[in-house]
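Next up: just one chain, as structure tokens, the form predicted on its own.
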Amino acid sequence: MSLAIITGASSGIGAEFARALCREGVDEFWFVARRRERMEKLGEELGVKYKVIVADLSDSAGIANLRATLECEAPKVDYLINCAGFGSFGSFDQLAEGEVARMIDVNVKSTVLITHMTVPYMKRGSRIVTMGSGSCFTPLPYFNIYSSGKVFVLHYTKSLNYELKRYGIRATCFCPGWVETEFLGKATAHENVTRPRPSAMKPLLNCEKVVRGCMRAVRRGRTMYVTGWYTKLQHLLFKLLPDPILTRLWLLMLENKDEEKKL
């Protein structure tokens, strides 16, 4: 029996990882997310043994729920896929304090805590995937909280991968560009905030294709996987150009910037 724990499994990249791992022979899943019906539908689609853990990972009670389940069942975990997360566009004074705190709690805090509580149940050969982003390569005004959190996730994963080598466990940070999921619709849901023009985010990457590529990278033991030609170019330019130039290129993609409102 092989087991995968997937956070953010109710839709998008998390659900696609479940499909990919099922094709590779994983026969049991723990789905962790807020929407029970979506997770149950995914489990029935896959036709494998599954457990639904309803949890809001911005809340300590949600994280405690997963911890209690691990302690009770003491499973042998083959894969941990940290896909839970969300982002919101807007300047520091356009985003509510509560939303900022939730982004940090879900994207950063829950990733670290869930990884730390799960590793003791993993064995040699197990794999961890953390959801990074192409946004971690450039300072991004008006997407600051999300992109800065992904910088943390990238460095955390790289360092964790080194620490876990002696246990035979590998960690990979998955850094895609704009992917065709619910993420962008929610991230741009607020009106009258600074955000990218819709045309600047196209073409969107196919979710199934990018997850398939990430799984190849995981099998090869890569610490980071970057996908999408724009994101790969961004990663290259990050190594070659100073931050102000990269940030200026990003600003050209935006609409409703604070500076424009003052004109």
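Start at 1 and count along the sequence shown; that's the residue number. Bear in mind that the values here come from a model prediction, so they are computed numbers and not experimental data.
Here the subject shifts to the form predicted together with a small molecule, a form of this protein not shown in this document.
Novice: Could you check which residue among V226, M215, L46, A55 gets a heavy atom within 4.5 Å of the small molecule in the predicted bound form?
Specialist: It is A55.
Novice: Name the single residue among F183, Y121, Y167, Y156 that comes within 4.5 Å of the small molecule in the predicted bound form, judging by heavy atoms.
Specialist: Checked against the cut-off, the match is F183.
Novice: Might V179 be said to contact the small molecule in the predicted bound form, defining contact as any heavy atom within 4.5 Å?
Specialist: So V179 counts as contacting the small molecule.
Novice: Is T247 close enough to the small molecule in the predicted bound form to count, meaning some heavy atom within 4.5 Å?
Specialist: Although the small molecule is absent here, T247 would stay clear of it in the predicted bound form, with no heavy atoms inside 4.5 Å.
Novice: In the predicted bound form, is there a heavy atom of the small molecule that lies within 4.5 Å of any heavy atom of C83, even though the partner is absent here?
Specialist: Residue-level check for C83: yes, a contact with the small molecule.
Novice: Determine whether any heavy atom of A9 comes within 4.5 Å of a heavy atom of the small molecule in the predicted bound form, and answer yes or no.
Specialist: Contact with the small molecule, yes.
Novice: Pick from 217-225, 65-73, 29-37, 234-242: which stretch has non-hydrogen atoms within 4.5 Å of the small molecule in the predicted bound form?
Specialist: After filtering at 4.5 Å, what remains is 29-37.
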